[in-house]
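Before any questions on how it binds or moves, here is one chain, the form predicted alone, in structure tokens.
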Amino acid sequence: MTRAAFFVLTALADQPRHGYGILREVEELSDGEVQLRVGTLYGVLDRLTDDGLIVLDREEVQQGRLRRYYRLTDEGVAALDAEAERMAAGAGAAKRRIAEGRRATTPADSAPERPTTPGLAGGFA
């Protein structure tokens, strides 16, 4: 699943949304990292519709413009849930590997040796 598809599905997880609403929600959910262009959004919506993950919920005319609202199907919810689980498992594996790497590069016996002071143990007369 592409990052754009993941965020579009996530944007639709709580309620149906129209295209502009999806664009805004994706940007907010991704902390601004994913900013979809309109052409990209409708390409993703077409693919998700073809895959049966979303459907057209309704159409409304607002200020003379047609707005199409999309919503997740049960298959879309399952796909989003599975992707979220896969990503969480991957993130967990990465964090464990990073922690193991840090432990391996900082051995406990790498502390600097303490200098000895000659003569304090009876070396001078």
Partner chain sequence: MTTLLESRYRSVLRLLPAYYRREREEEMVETYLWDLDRDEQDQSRPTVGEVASIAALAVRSRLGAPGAPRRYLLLGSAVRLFALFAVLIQAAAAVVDLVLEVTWAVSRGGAERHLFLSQFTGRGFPMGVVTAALWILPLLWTVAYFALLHDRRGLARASALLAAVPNLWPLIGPLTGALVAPDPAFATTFGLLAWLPALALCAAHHRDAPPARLPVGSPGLVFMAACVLAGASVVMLPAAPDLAWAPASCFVVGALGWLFWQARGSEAATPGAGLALAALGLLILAVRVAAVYPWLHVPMVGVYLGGALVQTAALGLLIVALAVVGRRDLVAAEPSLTRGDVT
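Every value quoted in this text rests on a predicted model; they were computed, and no experiment measured them. Residue numbers count along the first chain shown, from 1.
Keep in mind that the form predicted in complex with the partner chain is not shown, yet the notes after this line are about it.
**Q** Please pick, from Arg96, Arg71, Arg68, Arg86, the one residue with any non-hydrogen atom lying within 4.5 angstroms of the partner chain in the predicted complex.
**A** After the contact test, the surviving option is Arg68.
**Q** Just one of Val55, Ala91, Val38, Ala78 has a heavy atom within 4.5 angstroms of the partner chain in the predicted complex, so which one?
**A** Looking at the other structure, the residue within range turns out to be Val38.
**Q** Would Glu33 count as a contact of the partner chain in the predicted complex, using a 4.5 angstroms cut-off between non-hydrogen atoms?
**A** Looking in the predicted complex, residue contacts with the partner chain do not include Glu33, since no heavy atom lies within 4.5 Å.
**Q** Taking 4.5 angstroms as the cut-off for heavy atoms, does Asp46 touch the partner chain in the predicted complex?
**A** Close contact exists here: in the predicted complex, Asp46 approaches the partner chain to within 4.5 Å, heavy atoms only.
**Q** Quick check on Gly19: any heavy atom within 4.5 Å of the partner chain in the predicted complex?
**A** Yes.
**Q** Considering only 1-15, what residues come within 4.5 Å of the partner chain in the predicted complex, judged by heavy atoms?
**A** Only Thr2 sits within 4.5 Å of the partner.
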